[in-house]
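In structure tokens, the next block holds one chain alone, the form predicted on its own.
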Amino acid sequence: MLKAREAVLSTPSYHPPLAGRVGLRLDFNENTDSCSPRVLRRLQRVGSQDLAKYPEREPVEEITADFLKVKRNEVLLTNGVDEAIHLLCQTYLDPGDEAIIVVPTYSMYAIYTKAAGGELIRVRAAEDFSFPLTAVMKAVTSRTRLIALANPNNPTGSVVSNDEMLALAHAAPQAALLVDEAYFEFYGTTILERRREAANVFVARTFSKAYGMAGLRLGVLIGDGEQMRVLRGVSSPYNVNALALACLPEALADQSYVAEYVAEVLEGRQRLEHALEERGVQFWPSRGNFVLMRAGHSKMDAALFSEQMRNEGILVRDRSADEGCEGCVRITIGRREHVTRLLQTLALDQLAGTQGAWRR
């Protein structure tokens, strides 16, 4: 009888609650508006011949490398950041090797590690979700082959300093250090310029968030040229579709659109955090396009709050299953009018009836 590998069978599945997403989408950290108008116009010019031939990734990688101010052999376009994580796990993890993550964090690090047969080492973040450098350093062993950090972190919005990440990279030279900068545009700080201080540092970016192209599934991985040559060897040459490749140059060229959207998000993030502070609701200061707040003290509280918000036409993400996040929900920040609607909804009396911290 055909049977999948045990590592795959024991890997937990990730089932995002996509079904029935009707309402204002503040649940998946997407751009709440749209992509650049230049991207839409480029899509309208895609012809049948463009779809009939295999996509050419390399010319767009050159444009991307120039935009990022890195060498062209240091860049690999990927099918979202998820593929970048998958490639790193497949390239550097043998069965029994260890991968370190700081929890709570993005679920796919654990899933791809497990699927590769790796042993997952979970280090709990500090009580305030700050980065526990000393604990992570202690977790490093000779078997550590991957360390995955989201910076800013999802779902907490916390960040790690470049000095801390480089110290970790130097302490574990046998391990690939992934710095997942999916929310870079909302933070403004990157390790990209200092990446060459350690050849084992990889940086991932996405075009799903600030750029508003989540449906096109497009990310980029940057790393040491020799390491990227190996990763490129195990990547499909056609991993990025023709539509995504056609649109990326236009998206990169329209930085005014990105800057405008990011500015509204940063304003909205401040408005939401101020409103929560005034109301006495616990939240964690964020550097991403989202805020993690406590809706109560149990999974039931978070579920009730999320359901009430859905009934008001606003989708938020229940994160109470994550380590240290019981009773918490994550709210995406978007356009100014979307934040205004969110704040008006949060002021409704029926939401004040949620058990726990949200209650007046």
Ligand code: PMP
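Quick note: we count residues from 1 along the sequence shown, nothing fancier. Quantities reported herein were computed from a predicted structural model and do not represent experimental measurements.
As for the form predicted in complex with the named molecule, it is not shown, yet the points below apply to it.
Visitor: Three residues, Y106, A150 and T206; all within 4.5 Å of the named molecule in the predicted complex via heavy atoms?
Guide: Per the other structure, all of Y106, A150 and T206 touch the named molecule.
Visitor: Given that the partner is absent here, state which listed stretch (73-81, 89-97, 224-232, 253-261) has heavy atoms within 4.5 Å of the named molecule in the predicted complex.
Guide: Among the listed stretches, the partner-contacting one is 73-81.
Visitor: So which of V265, A182, I191, A244 reaches within 4.5 angstroms of the named molecule in the predicted complex, heavy atom to heavy atom?
Guide: If I apply the 4.5 Å criterion carefully, the residue I get is A182.
Visitor: Could you tell me if T113 has a non-hydrogen atom within 4.5 Å of the named molecule in the predicted complex?
Guide: Output for T113 is no: heavy atoms all beyond 4.5 Å of the named molecule.
Visitor: Might N154 be said to contact the named molecule in the predicted complex, defining contact as any heavy atom within 4.5 Å?
Guide: Contact with the named molecule, yes.
Visitor: Hey, in the predicted complex, is R287 touching the named molecule, heavy atoms inside 4.5 Å?
Guide: Contact with the named molecule, no.
Visitor: Although the partner isn't part of this model, could you tell me whether R217 comes within 4.5 Å of the named molecule in the predicted complex, counting any heavy atom of the residue?
Guide: Flag for R217 set to yes.
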